[in-house]
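Have a look below at one chain only, the form predicted on its own, in structure tokens format.
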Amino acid sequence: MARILRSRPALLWLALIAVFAVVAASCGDDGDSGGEQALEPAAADQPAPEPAPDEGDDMAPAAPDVGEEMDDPEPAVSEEPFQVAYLSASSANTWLLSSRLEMQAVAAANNIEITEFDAQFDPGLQTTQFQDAIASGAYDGVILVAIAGIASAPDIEAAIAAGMEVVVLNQVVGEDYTTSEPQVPGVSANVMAAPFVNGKRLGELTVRACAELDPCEVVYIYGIKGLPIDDAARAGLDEVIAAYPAITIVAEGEGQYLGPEGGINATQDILQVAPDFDVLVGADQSVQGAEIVLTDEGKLDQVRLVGWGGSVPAIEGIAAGRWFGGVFGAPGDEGRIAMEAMVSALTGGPDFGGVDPLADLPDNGLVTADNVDLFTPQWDG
């Protein structure tokens, strides 16, 4: 409406000019000697009209009067954030909590909102959550800590078919436990240390712990015996120590990843059948429990402890000389890399493929008293 109102003065002047022309013509008809003489008095009596605007200018916006308020510019509309579903195996797990915090930091810096789904270590619940996330159409991507392993493949394929980007974190979705590479076509990244490779790392530390001991009797505590990732880790260790006839596994236990309590129970049972041994190998939680029992039995100075996880107790134990060494665990790095891979996928960048977060660490992630000061634990254990 402002443009139409501001064009009216121009139209009014055009009308006045037309009136002056009519008056001039009338004076000529009354016998005046010329039109110019008749027009001179009329021009003298009237203020000079403003020049008529060029054709089409009556619709151009007029310059504002002094003091006229200008409309404030409209604020720029912010870009909608990407939505990512994080399918966690367990929100209460301290390892995955470290991953989650690093994921959130990367997401916040890249306009990504995360919605976490807690499967509480229930494969059936995670399957339902995954399928619901796909059906909702609300998510651009999903980061999956798969509980069901290869059984998650159909849902991953469905997510990719629905246009979602998929990153697998910390677990194997496939049948090959020797590689970190994605095993489902279309997955943007698989971020994890392959269980078999980590088992070989444990084997290397076991060989170091057995140096100068002949024979060297070793106790091995599984997390959960029969679980594919645990069996793969044990297979990696066995492959390495097979080249050393002096090293033998004399007893096994199972810590169940239940914190020190699982290690306490396993070590007490082991001492009934193998009261004397040289090296104990297991997940950090189990080794914490073993340390308690061996201390109570007065045997800690006789046994070299090798952990798997790089937790706060492990790094402290190695630094203090109570533990021989450990395979580092990098849950924070895993979470950061997983979200960086998601950012790349969502913004048209390259796929990350398989990423072993330990590959670039000092000594391939093997922590001993010689290099422990180079490692900072990323989870509490």
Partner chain sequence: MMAQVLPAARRYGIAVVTVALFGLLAATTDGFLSQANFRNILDQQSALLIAASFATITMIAGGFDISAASVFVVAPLFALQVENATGSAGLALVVGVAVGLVVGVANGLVVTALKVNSFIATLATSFMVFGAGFLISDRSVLRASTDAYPAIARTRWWGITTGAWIAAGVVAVAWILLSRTRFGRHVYAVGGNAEAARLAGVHVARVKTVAFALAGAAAGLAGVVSSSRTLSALPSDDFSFVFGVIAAVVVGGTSIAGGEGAVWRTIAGAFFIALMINGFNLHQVDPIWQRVIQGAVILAAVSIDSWTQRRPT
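Since this is a predicted model, take the numbers as computed values, not measurements. Numbering follows the first chain given and starts at 1.
The same protein also exists as the form predicted in complex with the partner chain; that form is not shown, yet it is the one meant from here on.
The contact residue chosen from Q268, T127, N111, T178 relative to the partner chain in the predicted complex is Q268, the criterion being a non-hydrogen atom within 4.5 angstroms.
Checking Q131, Q83, Q183, S91 against the partner chain in the predicted complex, a heavy atom within 4.5 Å turns up for just one residue: S91. Contact with the partner chain in the predicted complex, defined as a heavy atom within 4.5 Å, is made by none of E102, V106 and A107.
Remark: of stretches 218-226, 143-151, 194-202, 167-175, the one touching the partner chain in the predicted complex is 218-226 (heavy atom within 4.5 Å).
Q272 belongs to the set of residues with a heavy atom inside 4.5 Å of the partner chain in the predicted complex.
Residue contact check for D155: none of its heavy atoms lie within 4.5 Å of the partner chain in the predicted complex. The shortest heavy atom separation between L258 and the partner chain in the predicted complex is within 4.5 Å.
Although the partner is absent here, D238 sits far enough away that none of its heavy atoms falls within 4.5 Å of the partner chain in the predicted complex. Taking the partner chain as it sits in the predicted complex, the stretch 309-347 comes within 4.5 angstroms of it through a non-hydrogen atom at just one residue, P313.
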